[in-house]
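Listed next as structure tokens is one chain, alone, in the form predicted on its own.
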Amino acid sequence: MYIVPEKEIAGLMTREAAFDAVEKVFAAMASGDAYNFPVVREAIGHEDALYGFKGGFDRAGLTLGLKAGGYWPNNLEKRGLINHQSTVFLFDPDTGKAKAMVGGNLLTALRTAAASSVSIKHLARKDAKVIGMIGAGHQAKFQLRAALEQRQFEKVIGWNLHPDMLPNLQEVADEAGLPFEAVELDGMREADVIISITSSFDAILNTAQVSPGTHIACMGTDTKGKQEVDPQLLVAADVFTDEVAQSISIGETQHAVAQGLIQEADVAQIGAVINGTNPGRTSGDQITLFDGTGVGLQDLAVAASVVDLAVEQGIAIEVDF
């Protein structure tokens, strides 16, 4: 079995490689060549943590495994650790033997950012100029860096419940040579693309704060009860997701479906847009919304890529297991 420690991931996985892996696995899911297992996601009653498992099997790539981990909200303040902690385990689909253990923290950040970036590529207007960020934590910086590569953005605007974290967005905007402006939520009407990346359990963004033609990527809702936008916004939008079953159970879509505002049939797979079997955006004033719940196959795809690179470069640790 190979072990690829967390400390080696930054030197192996790039944003471009993560984007390619996630785009391909979304397409494979939509064509029926890959599928995810049911998610286990629980509040464990300790340290306010959410912990769970996401797994799946890609028949075409012969990638089988799971990611174990979750969200420890007190880590940064108490221990100087990032709040999201995870590890990916890969198995040989022919024998069931453990094949690799891979540090999943940076991989999770990269694959989550890649997912919203894929949605921007395929659903945002080509002339999008202003990107809005709701949330300014650790993951927001990954989201913004990846998103800026998909369009010729000219400005970044941002809102965060705690404004003292907004310099995180300013930093990325400065890196890209773009102006940054802190706004109230009503100011999001200026945005052509909005990414929400929070751990909220209450709706933050409402329909009146979104302009026609906007693409929204909701990336923070991955647990039952979590919520980032008003359910009425999903009524106004054409809704896409990574996996429909997961979206309506633990994703942003859960609330609109539970209230009977939309049906499961109203939610489309982003992979179908990638494959060309769904037209995606069809007009300039259409609001599109991507519910990025985060699927196990994303983690497996980027982890498998990392293992191959680590073995090739002699970085992987081989153990008899």
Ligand code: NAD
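Whichever C-alpha set is largest while still superposing within 1.5 Å between the two forms counts as the rigid core. Nothing here was measured: the structure is a model prediction, and the numbers come from that model. When you see a residue number, it is the position in the sequence shown, counting from 1.
Same protein, other form: the form predicted together with the named molecule, not shown, and the subject of what follows.
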query: Non-hydrogen atom contact Gly55 with the named molecule in the predicted complex at 4.5 angstroms; finding: no
query: The named molecule contact in the predicted complex: Gly132, any heavy atom under 4.5 Å; finding: no
query: Leu123, heavy atom within 4.5 angstroms of the named molecule in the predicted complex; finding: no
query: Any non-hydrogen atom of Glu243 within 4.5 angstroms of the named molecule in the predicted complex; finding: no
query: Contact residue in the predicted complex, chosen from Ser247, Thr214, Ser86, Thr112 - any heavy atom within 4.5 Å of the named molecule; finding: Thr112
query: Residue (of Leu76, Met165, Ala176, Ala208) lying close to the named molecule in the predicted complex, criterion heavy atoms within 4.5 Å; finding: Met165
query: Location of the named molecule contact in the predicted complex, chosen stretch of 187-195, 229-237, 154-162, 95-103 [non-hydrogen atom, 4.5 Å]; finding: 154-162
query: Partner contacts for 195-222, taking the named molecule in the predicted complex and a 4.5 Å heavy atom cut-off; finding: Ile197, Thr198, Ser199, Ser200, Ile204, Met219, Gly220, Asp222
query: Rigid core superposition, Leu50 Cα moves 2 angstroms or more between the shown form and the other one; finding: yes
query: Cα displacement of Arg281 between the shown form and the other one reaching 2 Å, rigid core superposed; finding: no
query: Large Cα shift (2 Å or above) at Arg41 between the shown form and the other one, core-fitted; finding: yes
